[in-house]
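Only one chain is given next, in structure tokens, and it is the form predicted on its own.
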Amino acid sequence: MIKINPAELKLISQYIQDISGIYLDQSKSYLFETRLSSVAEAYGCKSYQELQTKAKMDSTKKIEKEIIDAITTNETLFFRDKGPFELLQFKILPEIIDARSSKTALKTNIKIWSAAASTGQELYSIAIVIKELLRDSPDYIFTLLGTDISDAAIAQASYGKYNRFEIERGLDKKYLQKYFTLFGDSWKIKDELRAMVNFRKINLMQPFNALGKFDIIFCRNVAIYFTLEDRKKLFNKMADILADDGYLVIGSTESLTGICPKFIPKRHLRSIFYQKK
């Protein structure tokens, strides 16, 4: 394993923040060594400074992508924390459907964005909630978008295949038989659920207003890796693309107090969500 010195640590930390928004302070030297050493060695680099130099010179961005894939934390599971999905089922979706249905006689189109989709479990959990709640009602059209900065995460999410360990983390057995097919020693999302979702690579530090407006945004447990200033920029941009009566759901340990005055917190049972002032 290649060791990192203090000068390289500062250099590579700034580089990763520049390309991904992820801020890792000086105490994370072990993380750089355990996650980036194999990338450096694969490209014949004897130091992290050499790896950064090669990444910057690589016009294909292949090395940069591998660095991002290695450094990002794809810690997720189906129905993670449960509270947000109960909030979605019993509070947010009924209110959104009621508000939209009263405005038009046409089919109601509801857009939902999972802004840190990782390997897809969150967005597929949202799709399952919708299926269970509406039972394929023809009156509603759902546009479900999942985005992440990691190419590897997006590839797995798009394919929708999960090993036994990933499946057993949070997924109720009644949903396993209903929405998954056994695929070798893994499980694959059934086509009816896979057809509901779309995944794209997006860097949240870059402009994303071209995505259009959303009725519901899930942005959980990703902004905790950003600096305060980057968190402010992120949630202000999200406020701009959230419908005026839309809902923002963030991580259970996160708060927008002092970060984005455009949002006000609201509570439903054990869960907090945000709406625009």
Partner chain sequence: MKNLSILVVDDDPVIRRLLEQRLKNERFHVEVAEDGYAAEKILRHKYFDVVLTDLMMPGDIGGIEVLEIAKELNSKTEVLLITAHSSVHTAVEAMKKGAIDYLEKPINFDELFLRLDKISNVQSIMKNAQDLQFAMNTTESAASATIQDLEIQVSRQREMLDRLETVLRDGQATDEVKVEQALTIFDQM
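Keep in mind it's a predicted model, so treat the numbers as computed, not measured. Numbering follows the first chain given and starts at 1.
Note that the form predicted together with its partner chain isn't included here; everything after this is about it.
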Answer yes if any heavy atom of K201 is within 4.5 Å of a heavy atom of its partner chain in the predicted bound form; otherwise answer no. no
For R267, is any heavy atom within 4.5 Å of its partner chain in the predicted bound form, or not? yes
Check whether N236 has any heavy atom within 4.5 Å of a heavy atom of its partner chain in the predicted bound form, and answer yes or no. no
Does F165 reach its partner chain in the predicted bound form, with heavy atoms at most 4.5 Å apart? yes
Looking in the predicted bound form, is its partner chain within 4.5 Å of a heavy atom from each of G44, E66 and K188? no
Based on heavy atom distances of 4.5 Å or less, which listed stretch (32-40, 247-255, 55-63, 208-216) is in contact with its partner chain in the predicted bound form? 247-255
R194, K91, R80, K131: which sits within 4.5 Å of its partner chain in the predicted bound form by any heavy atom? R80
